[in-house]
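Below, in structure tokens: the form predicted on its own, a single chain.
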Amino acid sequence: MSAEKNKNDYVVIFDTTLRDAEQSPGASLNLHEKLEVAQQLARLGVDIIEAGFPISSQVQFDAVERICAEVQGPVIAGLARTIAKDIESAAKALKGAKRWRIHTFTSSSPEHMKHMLRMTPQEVLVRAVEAVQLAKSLTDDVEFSAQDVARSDQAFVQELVAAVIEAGATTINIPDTVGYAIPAEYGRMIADLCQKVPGAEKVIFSTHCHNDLGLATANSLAGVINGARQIECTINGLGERAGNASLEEVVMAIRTRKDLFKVDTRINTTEIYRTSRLVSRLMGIPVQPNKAIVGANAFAHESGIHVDGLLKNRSTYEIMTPESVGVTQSMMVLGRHSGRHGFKARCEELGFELAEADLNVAYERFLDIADKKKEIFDEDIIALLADEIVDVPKMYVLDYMQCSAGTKTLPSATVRILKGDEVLQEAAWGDGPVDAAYNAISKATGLEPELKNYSIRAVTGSSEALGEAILQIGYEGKTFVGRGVSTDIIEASAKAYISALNNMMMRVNAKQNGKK
């Protein structure tokens, strides 16, 4: 597809959740989780998945290689500095994909060139051209980025872009790496590049905006208005510091305001909410309630005036429908008497295609919850499936737990944990029932990682709501996420801790087996 045709057609969505968003503190994913996110991104319909930075570690290389082998549909991209070994490593990791792209980058601002690269502008330009030429010898699809464009001399940026276009780059990315630009300024930079750089008509210009001033989405859309036809973004706007442009925001802005943008994307928007929740769960980073498009309050209304208008016509206060982004409005209630077939059918309606073994596990858990709750809603089922159906080896399984707590009582907990055929049982005290449970689990397993973060929320309303616990533990400089769901928040917390320990031990075992 030519760049010229694309400029009159649609905006390419380049998702960098698996690369840039994973650089968020505590957001690291294991190989199974990366594959799960990549498969969901393919269902979402993103054009390009930036799967990782292959040269940075063997784990990154392996993840990119596996994604290339197992994920169909999107172009798979790998990041590389303007260094020959980076580019060659990226090509080696990517070669199994049906369609793949090498994304090579340098910096263009005085601050970066002087203090980080320690190179002159001319040296940067020469290195960039050589890198693009090498990448072009390995694949036809080459993207070039110059970090920190907003603080760069624009004459130099234009010279650099012209040189890499001549060297063979097919996509030119314009990153506002430190979130410095404002929309009018960023839009003008894109417009000037489109109009002034020789060969600009042969390439696609891309945005990559960070949210340090809260303007990442606005800057990305300003870029589109001024000629950019690729947006680099992440699910839930995750990323370093304040994050990146949010995929759900840029996509729904373009879709809702077609009258202004005159273009569209290929995103299946009904998969947005599910993708958001998956990434939130696996990375252990909750979505803020008032987050645009995917927050819990995004389609909630309380004001009397608003509710009155909605009852008369939803368009009075909603510019898009909840269903358009995959937020179900179903009030279908399931219970113990719904039966296995009813449960399976509802799972399929929610987008979960379960293997028979997984269905059996999920249904047994569903029955346990049905004994405790009068009504089970879609959100409960989504949380249940996310908690139970995970592709992580379970070294430890919580078999039994009893906690004691109250006023003028020292909280205590007894746990029984299964480790294969081995039964581990311990009791412990703590500052509260959750602390006591964690102390007992640590005694039983012999593992004492650092608890870095812990949160709990109600999945649905009412006193019978499922509680969802998410925590992060630290071990040997790495962070591992755990998640647990139960109508009992103490049990949910214990399950989250066990989940994190299983993630941690999978990493430890892989390292001991030489997969560093």
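Everything numeric here is computed off the predicted structure, so don't read it as measured data. One rule holds for the numbers: they count along the sequence shown, beginning at 1.
Although it is not shown, the form predicted in complex with ligand KIV is what the next lines describe.
Triplet 103, 173 and 208 all within 4.5 Å of ligand KIV in the predicted bound form via a heavy atom: Heavy-atom distance to ligand KIV in the predicted bound form: all three under 4.5 Å.
Single option in 79, 293, 222, 161 placed near ligand KIV in the predicted bound form, where near means a heavy atom within 4.5 Å: Contact with ligand KIV in the predicted bound form is made by 79 alone.
Contacting member of 226, 139, 147, 439, with respect to ligand KIV in the predicted bound form [4.5 Å, heavy atom]: By the 4.5 Å heavy-atom cutoff, the listed residue in contact is 147.
Heavy atom of residue 19 within 4.5 Å of ligand KIV in the predicted bound form: Looking in the predicted bound form, residue contacts with ligand KIV include residue 19, since a heavy atom lies within 4.5 Å.
Exercise: residue 270 in contact with ligand KIV in the predicted bound form, heavy atom 4.5 Å: No, residue 270 sits far enough from ligand KIV in the predicted bound form that none of its heavy atoms falls within 4.5 Å.
Residue 89, heavy atom within 4.5 angstroms of ligand KIV in the predicted bound form: The answer is no: residue 89 has no heavy atom within 4.5 Å of ligand KIV.
Close approach of residue 109 to ligand KIV in the predicted bound form, 4.5 Å, heavy atom: No.
Stretch in contact, per heavy atom within 4.5 angstroms of ligand KIV in the predicted bound form, of 247-255, 174-182, 94-102, 362-370: Single hit among the candidates: 174-182.
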